[in-house]
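This document starts with one chain, in the form predicted on its own, laid out as structure tokens.
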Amino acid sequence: MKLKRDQSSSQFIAQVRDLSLQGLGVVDHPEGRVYFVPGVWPGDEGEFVIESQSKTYGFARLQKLIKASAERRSQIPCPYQGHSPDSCGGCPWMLATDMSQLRAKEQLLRSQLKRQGFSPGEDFEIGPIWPSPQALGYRNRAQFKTDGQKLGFVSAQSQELVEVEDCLVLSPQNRQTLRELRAQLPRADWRPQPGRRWSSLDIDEDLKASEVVANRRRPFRQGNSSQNQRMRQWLRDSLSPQSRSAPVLELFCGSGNFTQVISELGFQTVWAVEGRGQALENLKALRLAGVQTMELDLLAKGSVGPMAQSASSSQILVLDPPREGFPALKHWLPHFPHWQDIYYISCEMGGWGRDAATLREAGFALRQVQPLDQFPQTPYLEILSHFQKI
């Protein structure tokens, strides 16, 4: 829906009543229209300024906080947190207490399930959210932006580079890497290429600052090591009752984070599928027992054809798609009539909810939903789920 800029900058007073799936505050205008606002929390009362709107909803910003929610932090630990043009914007929920963030994520998941027509307690249960052992200092990887003169993150509000000296959500090792990278400035070889505003610097705990090369992407890796181990254990426990002779198809396998679990359990036939890149090369180098690697762009139109020829006998599907989910799932289902169990790992509630509804329409029942907080201080929630053919 097209939004138009509101030239009147009209103001109104309201209380934040909820959060959207994107983590924005939901407020009601006195005339009835709903507005979405960054940098607020349920229970906040404030004066808001309309920034843009459509016929049914709009976006606004907080002009003045009149009364703070009881769940707001008394002091935000990071000086770069916020929603102004000179704020990083990477931890939008750091304004709220850790416990209230966990409750909000559970509530958003329940709302998404209800929106898609699922009723917890009838055929499945939602496990209590698994919190991260560290609410700060957990990130094992990150991507910075630089122009060769300064280094930091691009503000979500202004699209300008916000220079940062430290980042509290990074692991201690990565915080040290950030300091060492900043000490190398200025760097002529970090200047952006023609037509680009910034260069990217990917860091990882297995990479020294001296090994960082501008615009060299690192293979995907789950960003919270402790929570990743919990996810791997969930998959191990979930797959354990299955027959090891049941063929397994794994989509979006990356470097083999979950493929290793499947192989270690002793499944005899595993097709592990990923697009071209270093991740697939890393997986091949592991030489996992029973695993056949396949190179395929899973988001490309018609990608189901090659897979239907190779892995149509698969009975178990394991997938961990990117944030948008797997919209092509509805086109894949008719080609794999033997799928009995689907283990879907998701990092975004909207895409997962859509795909969950697709599976239900295809005759799969939702058996388990386990939320996991992989990225504290953000709205993102990891969802571990099991679907079974009825």
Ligand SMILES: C[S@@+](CC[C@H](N)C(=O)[O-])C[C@H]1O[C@@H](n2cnc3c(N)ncnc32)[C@H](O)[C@@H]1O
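Bear in mind the structure is a predicted one, so any value in this text is a computation, not a measurement. Numbering starts at 1 and follows the sequence shown.
There is another form of this protein, the form predicted in complex with this ligand, and it is not shown here; the text below is about that form.
Taking non-hydrogen atoms only, residue 220 approaches this ligand to within 4.5 angstroms in the model of the complex. Contact annotation: residue 58 falls outside 4.5 Å of this ligand in the model of the complex, judged by heavy atom distances. When this ligand is considered in the model of the complex, residue 144 lies well away from it, no heavy atom lying within 4.5 Å. Remark: residue 257 counts among the residues lining this ligand in the model of the complex, judged by a heavy atom distance of 4.5 Å or less. This chain lacks the partner; the member of 276, 115, 179, 244 within 4.5 angstroms of this ligand in the model of the complex by a non-hydrogen atom is 276. Among the residues 78, 299, 154, 129, the one placing a heavy atom within 4.5 Å of this ligand in the model of the complex is 299. With this ligand omitted here, the record of contacts in the model of the complex names 316-324 of 189-197, 203-211, 316-324, 103-111, defined by a heavy atom within 4.5 Å.
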